[in-house]
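Presented as structure tokens, the chain that follows is alone, the form predicted on its own.
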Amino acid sequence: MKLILNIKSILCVLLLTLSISSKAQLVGKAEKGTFALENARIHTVTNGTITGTVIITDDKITAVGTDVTIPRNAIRIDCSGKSIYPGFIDSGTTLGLNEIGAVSLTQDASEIGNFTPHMKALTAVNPNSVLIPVTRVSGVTTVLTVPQWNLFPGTASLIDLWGYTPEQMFANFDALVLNFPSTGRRGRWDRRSDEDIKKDAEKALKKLNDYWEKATQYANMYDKANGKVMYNPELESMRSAVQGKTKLMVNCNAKDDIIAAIKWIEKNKVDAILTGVNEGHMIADSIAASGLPVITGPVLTIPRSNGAYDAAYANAGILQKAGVKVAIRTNENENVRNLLYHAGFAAAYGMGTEEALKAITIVPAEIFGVDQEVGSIEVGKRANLFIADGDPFETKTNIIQVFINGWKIPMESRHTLLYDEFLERNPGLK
């Protein structure tokens, strides 16, 4: 009996300890209703910058302008001296798929096998990831979460960073991912001979072409049989890309690989988006001539051993000035919050502030086909926006309030809660 009581006591203490320590992870509830954001400098992105009011009703922006009638039931927020921006969009992350690097059970960004196009990132997204609040309080309201590694690693999904289920977070865009075969070294640790590198690249390209041919045959059979074919989840996922119904995100970085990827895309008549494109600045005119949009980044990265120190910083601007439609990604997980500074560096190294802002708002929205929903502050669009006390590309700026789909998001995260906890330590350590 004593043993049982002792065990119960220990369990009670453990549960109490866990409940106390978990307080640092609690995030408050969001609010929904009618909001009037008054006296703000409004950066609409698509229609210039004005000083006025934004009205949010439920999940939509219902009024924007200098002479706006404020509904009686509106919660009024004075934004004097502050700016309103559309929520930022990161066009390539693993947010929601990865959590703790040392714990394999929290790693869902990749699957076993070279061909897993049917593995949808959305189904693996963890809405309760502590990294999501950390990201959204920085003004990033929407991200593309992308499967990694392998040839066809899966299907990427666009998500808003608020919701209790992946389905609630889904932002109406999916794309199949292809990591195009590389003809270069995989890193400084790669000790293969030039001949072996060439053989491996040829082998990988043959695998790609054979698999694409197989998917094309499946698509043709599907059409001829009016869908009455043996169900194959892999090839069913490929079918929509083969038929041009789903975008194909083709990831490639080296100059020669980009050229080869463009030729492959044109040959197979694929509706594609180029991603990565680290050496795009070397062949910017060729990429522009292809008409393919580009998602590039990370911008904040170290230079390649044989490259200029500022190549990554200048890449987006050079591509944009050549006429390429360019969006910026962080290719990050826990540091997606730094998207603002990736764009800021791109702005400083030739892209300019206006185009860099577009590269994380309206341009990715256009690339993903959701520009009628998000990407700018316009009447009828979803209320994904934030209030800031300055230029969000500058580190001194504070994000005051974020709205996602009209929800007034609690400005709390693991970072803010831990900051508050240790700022007022009681008892403090001497």
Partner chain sequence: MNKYILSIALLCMAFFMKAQDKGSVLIKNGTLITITDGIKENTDILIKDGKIKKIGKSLKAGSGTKEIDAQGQYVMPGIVDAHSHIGISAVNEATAPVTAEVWVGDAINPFDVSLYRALAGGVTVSHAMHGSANAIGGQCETLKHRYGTMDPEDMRMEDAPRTIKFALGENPMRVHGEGNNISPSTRMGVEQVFRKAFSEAREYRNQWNEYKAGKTKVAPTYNLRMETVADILDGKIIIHCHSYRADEILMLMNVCEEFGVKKLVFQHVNEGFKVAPELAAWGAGASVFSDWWAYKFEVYYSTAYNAAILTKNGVLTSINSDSGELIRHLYHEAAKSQKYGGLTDEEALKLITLNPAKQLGIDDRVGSLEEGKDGDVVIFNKHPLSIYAIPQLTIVDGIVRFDRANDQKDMRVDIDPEASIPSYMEWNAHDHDKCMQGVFETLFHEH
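Positions refer to the first chain, counted from 1. In this text the structure is predicted, and so the values were computed from the model without any measurement.
As for the form predicted in complex with its partner chain, it is not shown, yet the points below apply to it.
Partner-contacting position among Q320, T155, S290, N278 - heavy atom within 4.5 Å of its partner chain in the model of the complex: Result of the distance check: N278.
Partner-contacting position among E378, D59, D371, D391 - heavy atom within 4.5 Å of its partner chain in the model of the complex: In short, D391.
Contact at G307, R337 and G344 by its partner chain in the model of the complex, all three, heavy atom at most 4.5 Å: Every residue of the spot touches its partner chain in the model of the complex.
R72 within 4.5 Å of its partner chain in the model of the complex, heavy atoms: Residue-level check for R72: no, no contact with its partner chain.
Residue contact check: S182 to its partner chain in the model of the complex, 4.5 Å heavy atom: Answer yes; at least one heavy atom of S182 falls within 4.5 Å of its partner chain in the model of the complex.
4.5 Å heavy atom contact, D200 to its partner chain in the model of the complex: Because no heavy atom of D200 falls inside 4.5 Å of its partner chain in the model of the complex, the answer is no.
Contact flag, T395 vs its partner chain in the model of the complex, heavy atom cut 4.5 Å: Yes, T395 is a contact residue.
Which of 190-198, 114-122, 158-166, 228-236 sits within 4.5 Å of its partner chain in the model of the complex, heavy atom basis: Among the candidates, contact is made by 190-198.
Residues of stretch 125-162 in contact with its partner chain in the model of the complex (4.5 Å, non-hydrogen atom): Contacts from 125-162: V130, L131, V134, W149.
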